[in-house]
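Take a look at this single chain in structure tokens; it is the form predicted alone.
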């Protein structure tokens, strides 16, 4: 039988940890979107050499295991004189990991827009950057929402890896409770429910905005 009283007892700790998971996820995705927009704009308007560098960054973030990337950033930043606490180290790590995906999301969305619109911008005298900002990027918001939602879900799940650098997110607190009370099933069940609730709410919010946006 499940110990419901124990699950209720640890619920405040689980909720606090869930809030940390949400904070890290939203911050990381926000920075990932900003980096994705910036780097995709550079990739679409720059020469071959810059595109190769951005491609190497994308392949690195998508090809190297996330835990390895988190460890590299956790140990590398202090080595070069940049110091963050565990929370912000986790945000930086997940932001760079997410950027590797958002770059491709925005770049592909722009490339799938009718070429005639790009030509129209040139006729109006727009530069490549102005073309992207005023004509192309406003049109990719709605079509980018589903992959961005998937990326947010991936960030929520990847945040569990931050337990290895002692970030007090949901998985870290779950492990602490298990080792403190030697209770496994109830803790795992409660954490699983919380992850499912978080992801379900995020998907609902995304679908809501997707329906509201008319492009």
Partner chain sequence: MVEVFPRLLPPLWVTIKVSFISLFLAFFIGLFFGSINSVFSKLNPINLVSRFYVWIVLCTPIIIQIYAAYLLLPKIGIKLDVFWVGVIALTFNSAGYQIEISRASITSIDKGQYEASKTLGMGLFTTMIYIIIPQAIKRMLPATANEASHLIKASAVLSVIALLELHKAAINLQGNSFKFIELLALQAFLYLPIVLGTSYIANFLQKKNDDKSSRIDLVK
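Because the structure is predicted, anything quoted here is derived from the model rather than measured. Numbering follows the first chain given and starts at 1.
Just so it is clear, the following notes concern the form predicted together with its partner chain, a form of the same protein that is not shown.
In the model of the complex, residue 84 stays away from its partner chain, with no heavy atom inside 4.5 Å. Residue 196 belongs to the set of residues with a heavy atom inside 4.5 Å of its partner chain in the model of the complex. In the model of the complex, none of the heavy atoms of residue 96 sits within 4.5 Å of a heavy atom of its partner chain. Mapping the unseen interface onto this chain, residue 148 falls outside it, with no heavy atom inside 4.5 Å of its partner chain in the model of the complex. If you check its partner chain in the model of the complex, you find no heavy atom from any of 41, 45 and 49 within 4.5 Å.
This chain is drawn without its partner chain; in the model of the complex, the residue among 37, 54, 27, 153 with a heavy atom within 4.5 Å of it is 153. Using a 4.5 Å cut-off on any heavy atom, the residues of 161-180 that reach its partner chain in the model of the complex are, in sequence order, 161, 163, 164, 171, 174, 175, 178.
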